[in-house]
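So this first bit is one chain, no partners, the form predicted alone, shown in structure tokens.
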């Protein structure tokens, strides 16, 4: 359908200098849910994630191991793609900043900024964090071991003095303030927007966008005399240096949309509808990045969502450098891919910092998945098969079904929270309905109705009809929960629906099938006059975990 809405979302790209932690992949899991939701709604969706490979830290790590830098980074990237595969992440493109089209995009952005008078030669002197780049003194902490970057406290900073190309960021302060004020929703949550507005009002300094003495990166395309740094044989003059890693990294979002190689694709996909990023890189994405786009004459992204950090039980930030992180592969091994996705996004608020522990994940898994939802699916399918035989019972019309009214309220809350990117609240709303369905079982007691239906007295026919209605409503409730939870638990949804005798109409990445909001209407899968379908077999979806065993 060429006229269907398009939706383009991205995550920040990660440094592949070590195996990823769950805190690194948290935003990728969240973005994958958002992408799946839009695909299931029928939007033409493009989801981009990937790796940022030109940091000094990567080159130094490779050198310390005596390995070729590209060979080292390839092996590190595989750790990320393997972990994302295990978590059922389904991007439309996994971009690497070493990709040839990204080199072309980055060099074109430098050329445009230079042509616009926003790039000039200067001298930089200051602290350099190998993981993050040049840091202002106000952004650093002084410790007994010297100056430290708060985001990478175990990394030794370097004091550098070198000739650099600078980007005239200071020239864009007023235009950026105007954009913030004219588009109050473009940076969310609100308090993250206010942080950046306060920073802007303090004024901006120009930023270095090249490294002269470092050569693992994208060649800087402009020579000192202002002409091209590319030689006649196609090689690049090493004296021109390389593009600074942060300038290069941000450009991946337009590379992934087709810039500059495919103008038709770029016209379709840009501007991005959503950047999902962490709070520590808010300034790069909502001040530096939009200024770069303004300089190049390119539209700004429509929304930037800034999530918080995963914190340990003691309130410390999880990080690879601190060694206090959760391993995504361990999470998948314990909870399964769907369970790992669920507990991460249910336990960690998508709009702020959250303290989590392995035990809190296990408790959430057991309570919400093994006990509440898994048990609901199992006993619904078991009771319907035992009491009614093979055919799947149909639900009552919405006007006659108590659960239908509860579902209407749930669906409104769930979709509102999901569209607002409050993923944890969306799951909470959906699991409120899981609770409603379980209470419905206890209130209606199908086993008691089945006993009355077998009594053979005058009330048996009415009991039989009531039993079919109650179980039909339960089967429908489980269908709706399973389908609604599919963006979060994409391989559980088809398995649950199969047990109910329903086909799962979407592809593995959420594409295809009917618009999900139509499919989530009460009774949508059982139109009047449709032939009776057969129930499947009850099979446990979420084995209960012992806390000590799960954490071993």
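Positions refer to the first chain, counted from 1. Just so it is clear, the model here is predicted, and its values are computed rather than measured.
Another form, the form predicted together with the RNA, is not on view; read the next lines as being about it.
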{"item": "Non-hydrogen atom within 4.5 Å of the RNA in the predicted complex for each of 244, 379 and 540", "value": "yes"}
{"item": "4.5 angstroms heavy atom contact with the RNA in the predicted complex for residue 69", "value": "no"}
{"item": "Partner contact for residue 184 in the predicted complex: the RNA, 4.5 angstroms, heavy atom", "value": "no"}
{"item": "Contact flag, residue 439 vs the RNA in the predicted complex, heavy atom cut 4.5 Å", "value": "yes"}
{"item": "The RNA contact at residue 371 in the predicted complex, heavy atom, 4.5 Å", "value": "yes"}
{"item": "Single option in 93, 78, 454, 283 placed near the RNA in the predicted complex, where near means a heavy atom within 4.5 Å", "value": "283"}
{"item": "Option touching the RNA, based on a heavy atom within 4.5 Å in the predicted complex, out of 103, 179, 303, 192", "value": "192"}
{"item": "Heavy atom contact within 4.5 Å of the RNA in the predicted complex, the stretch among 325-333, 268-276, 460-468, 203-211", "value": "203-211"}
